[in-house]
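This document contains two forms of one protein chain, each encoded as structure tokens and listed individually as structure 1 and structure 2.
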Structure 1
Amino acid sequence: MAVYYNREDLGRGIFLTKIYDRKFKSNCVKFAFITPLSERTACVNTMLQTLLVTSNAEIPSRTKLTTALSGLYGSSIGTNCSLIGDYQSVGLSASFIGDNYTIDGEKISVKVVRQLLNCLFKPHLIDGYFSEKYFNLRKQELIDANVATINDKRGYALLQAKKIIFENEPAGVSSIGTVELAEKITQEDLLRQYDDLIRNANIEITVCGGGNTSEAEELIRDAVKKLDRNAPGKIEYRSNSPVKAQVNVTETEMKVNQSKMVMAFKSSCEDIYTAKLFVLLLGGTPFSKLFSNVREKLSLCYYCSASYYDRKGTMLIDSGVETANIQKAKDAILEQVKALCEGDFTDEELDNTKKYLCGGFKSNYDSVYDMLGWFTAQNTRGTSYTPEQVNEMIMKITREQIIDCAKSFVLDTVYVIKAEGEEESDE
């Protein structure tokens, strides 16, 4: 599929990426401030974006801003926050239909992007501070989000496991911090961090969609030229996590209906697409080794799946198990990893997994945000492959490459949340 892609260096650590596919009837513009992930600033950054999206100096009311955007054919401005290895990405995004679909060709792209820029660079401040009302609301929302993490036991287990897996590494930090950190955030913290992001963060701007956004892009260029900035260094997103000298096994008890187990394997494999294929073959499909054998055949897990953090060279296998089956499930999982290391998989299994992965990559053409996400990931890897190009690479991966990749993964951490009061089987 023909997609126009262009990445422009605007200088001082600011990049503008343009992605155009005429089949889309809408557009999105994303501003992402990329900064080293740290416990001290992560939750401040997360709260800051929720304040910036609320209002701006021109429209100092959340209700009025929402109404104004809705009047522009249902346009919207929202937050975006993600973790990329040892970095945090925070910012705002705007969505709007193409100008060629408006009545009388109204340039709503310019109007929406203007409000987006106002939110980012002309925030609503009262005597130099954010609105106390909005400050208190957003702070309580952040506190509530932290409290709520424990209600999602699977997510909570992964969150706690990552602290151990990536010990002394930024990747082990939660993007929303902790209740204690959230409670301590002050107006001064937010203003100081806002100034730091503007001056020192790498800024990735992405314009994606099917409409003509040339005038809006000029607004963006003019706005960032005026920023008082230092020149941040180039980011190296990939930083493989070092394997621990010995496997860390940590168990804790909680009031849960089923125990949770997270196993982390680390690798120095540089071929991320072979690694993705290996992880999918192991535990990423309804016909994977973990699903077919550990969950279905042996009935040892309620769920058991594998995921790959390519920026950290780490595979996580998380499962929900009965406490009595924890050791059996662990042994069975290790057996499946060993099986792939020994080439115990059929050509049909490999071929089906390739098709499954390639089909998933092709789905990135389904929406503007999927397309934006695809090329954002490519940018962090220093590549600009299309889904078709990656799929062609995947179809050429051999079983020998899969076996070599599998052998490179080493068990690093086993984290278990045991159902309180239950005992493991002695069998």
Structure 2
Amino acid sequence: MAVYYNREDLGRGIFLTKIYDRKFKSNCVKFAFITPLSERTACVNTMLQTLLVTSNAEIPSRTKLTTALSGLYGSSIGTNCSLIGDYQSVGLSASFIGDNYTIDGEKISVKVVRQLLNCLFKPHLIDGYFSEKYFNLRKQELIDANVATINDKRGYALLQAKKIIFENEPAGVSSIGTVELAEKITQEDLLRQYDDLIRNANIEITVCGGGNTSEAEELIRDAVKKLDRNAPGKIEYRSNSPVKAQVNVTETEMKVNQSKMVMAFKSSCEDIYTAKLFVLLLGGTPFSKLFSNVREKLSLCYYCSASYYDRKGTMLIDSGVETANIQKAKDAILEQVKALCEGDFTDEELDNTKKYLCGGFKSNYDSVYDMLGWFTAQNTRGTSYTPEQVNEMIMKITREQIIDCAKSFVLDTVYVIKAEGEEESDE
């Protein structure tokens, strides 16, 4: 692969990662501020980034900033918020086409990155506060986002389930908080949190794409050099979620046509790639145990898939089920987990799953965002494996390792949203 990768420690908890592949016609620059997740600050951070992206001291109007970026061949600056185990990553990203693809050879990379840096480090403040107008709009937007979580029933079920699965852990916190928390946010909260992020958060800067961005990189280096920073410690992202003494079974009712069930299993398996392979074999492909048995053969769910949160050692199985079939679906899912624990899978099934996983990893090379996502995830694990190196490890995983890994997963939580007024079957 003709991919250039370099990660540089700029000191004081700031890292610059460069990933270039000349085949790409665009670039992305991402600033991620990584900070411990807490109920008090998570939604303040989320709102803060929406204010920072709205305008900056040089272009204090949202419309003018958007117009300026659009005129740079549809460049954009957006927010990026994600949860990494017990940490929250917030910040801004800029996306723009390569300078060599502009019609008249216009050097847009420097102009776009300059605006990104202005948004991040020269916010639009009036007498030391964010514009009252934008403050009120973004606050209302955050409140609205909380209210609107019920629109997507599958997402809503997962959000509610995670609160129980990661009870008393930071990972159980929602990045948008709650309506009540959002309503309480003040200008002072935002400014305090902005100051805290600039001083104390780990800052991961990634430049990814076709490259030819050296001038823009110099701007970035100059900007972060000027920051008044404490030196934050190294983050340990992995923190397995403790298994509950008793399985938590929670059922709630809602006005829906299809019921939702989320089951969580926890493990202390340290080998994340074996765990990923196990989860995929169980429910991550169209030929997995859950898809082919629970959905296709038994027709118990419309969707039934497994996913793995490696930083928390937790596997989630979420499904859309007819109310009458909830118990049957639960039993069928548990049966498939048991089957893997007992080694009830063929070498061919395992080989096919390996191929599927390796193919997916390799395909990360073909998208700027996937490539950025891959190496960001590597950074949070303290590794810098290429997809090929991980694929080599995966191909060596044995069926015994899969069985041991399967046995390490313990049922922790079952969360169900039942269609209001419908009854489960007694059979």
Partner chain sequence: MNKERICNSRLGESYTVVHHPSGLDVLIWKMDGFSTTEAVFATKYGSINNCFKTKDSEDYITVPQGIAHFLEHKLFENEDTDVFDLYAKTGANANAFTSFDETAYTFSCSDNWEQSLEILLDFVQKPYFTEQSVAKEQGIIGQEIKMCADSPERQCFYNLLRAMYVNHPIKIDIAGTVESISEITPELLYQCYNTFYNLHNMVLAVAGNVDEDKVIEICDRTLRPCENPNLETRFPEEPEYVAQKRIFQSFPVGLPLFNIGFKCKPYEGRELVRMACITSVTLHMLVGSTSRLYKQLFDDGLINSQFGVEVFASDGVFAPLISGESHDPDELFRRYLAEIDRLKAEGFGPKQFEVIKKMNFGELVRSANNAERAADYLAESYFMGTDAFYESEVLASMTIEDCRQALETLFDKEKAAISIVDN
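None of these values were measured; they are calculated from a predicted model. Here, a residue number simply tells you its place in the sequence of structure 1, counted from 1. C-alpha atoms forming the largest set that superposes within 1.5 Å between two forms make up the rigid core.
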Of structures 1 and 2, select the one representing the form predicted alone. 1
Could you check, with the core superposed, whether the Cα atom of Gly71 shifts 2 Å or more between the two structures? yes
